[in-house]
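Take a look at this one chain, the form predicted alone, written out in structure tokens.
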């Protein structure tokens, strides 16, 4: 091998090693960015009130579950948790029922105003929720949807619907239309071809879209605080009840709010991974 070729090979190897180090460093920083706040939350949640306020903190704290037990036994937490589950479940169902057909239509049909419709779907997230909260509250009072699970779920569906439409559009676009055409030639109509051929292929991705809708509803706080009183979700309840609470109780409330969502995502992680595989076909 000539000297020039050896130098070129050395340069390529050096660049590959440099890119590898940069990628590894970026991954480590991203993991720290996500995991360090969760670690600090857990450490302060399971520490005594004195340790929460003290400094420096030990890496592994002396486990004290007093704050968590006090918070879980606090009046209204169980009802707020159940309200969050109900609202997030209804939001998930409504988002998929509306978003999946819209995503399918965008991927399979050409119609006048298609691009405008896609822009309008995105524009639903262009208006800040605080700007819409007062008109929504007035309208809900007039039609009887104030302080109801369905009323809050409709608002959360509005927030989750753009993601549901875009995700399902990507999923359906990744499935060749020839599969449906083959089913048509074998005697299936469009609906039968969709149910028997397309739906099994995109079901993991649709499940992932439903998970996104669930998490969006679970974490939303502003609409829940404005539109509900008796049926407050857990984030709205925390905002109302822990504003002037001691620091250790705030950490306990944050852990109770964050950990169920993390556990839920962990249990259904395979559907999230399947979604990316289908979308990139």
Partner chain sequence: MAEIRINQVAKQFGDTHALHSIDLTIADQEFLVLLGASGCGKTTLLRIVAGLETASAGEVWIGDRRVDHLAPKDRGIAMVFQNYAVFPHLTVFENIAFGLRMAKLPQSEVEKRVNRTASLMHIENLLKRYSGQLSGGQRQRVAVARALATEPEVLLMDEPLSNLDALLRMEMRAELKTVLAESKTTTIYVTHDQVEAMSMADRIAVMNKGHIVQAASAVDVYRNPAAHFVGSFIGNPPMNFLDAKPLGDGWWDVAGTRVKGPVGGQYPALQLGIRPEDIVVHDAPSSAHPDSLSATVRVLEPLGSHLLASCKVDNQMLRVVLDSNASAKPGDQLHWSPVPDRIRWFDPATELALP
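Nothing here was measured: the structure is a model prediction, and the numbers come from that model. Positions refer to the first chain, counted from 1.
There is another form of the same protein, the form predicted in complex with the partner chain; it is not shown, and what comes next is about it.
Residues 182, 186 and 189 are all found to lie within 4.5 Å of the partner chain in the model of the complex, as judged by heavy atom distances. For the options 158, 197, 94, 166, the one in contact with the partner chain in the model of the complex, meaning a heavy atom within 4.5 Å, is 197.
The partner is absent here; in the model of the complex, the one residue of 150, 105, 133, 201 having a heavy atom within 4.5 Å of the partner chain is 201. Only one of 111 to 119, 172 to 180, 124 to 132, 142 to 150 lies within 4.5 Å of the partner chain in the model of the complex by heavy atoms, and it is 172 to 180. No residues of 106 to 128 lie near the partner chain in the model of the complex, the criterion being any heavy atom within 4.5 Å.
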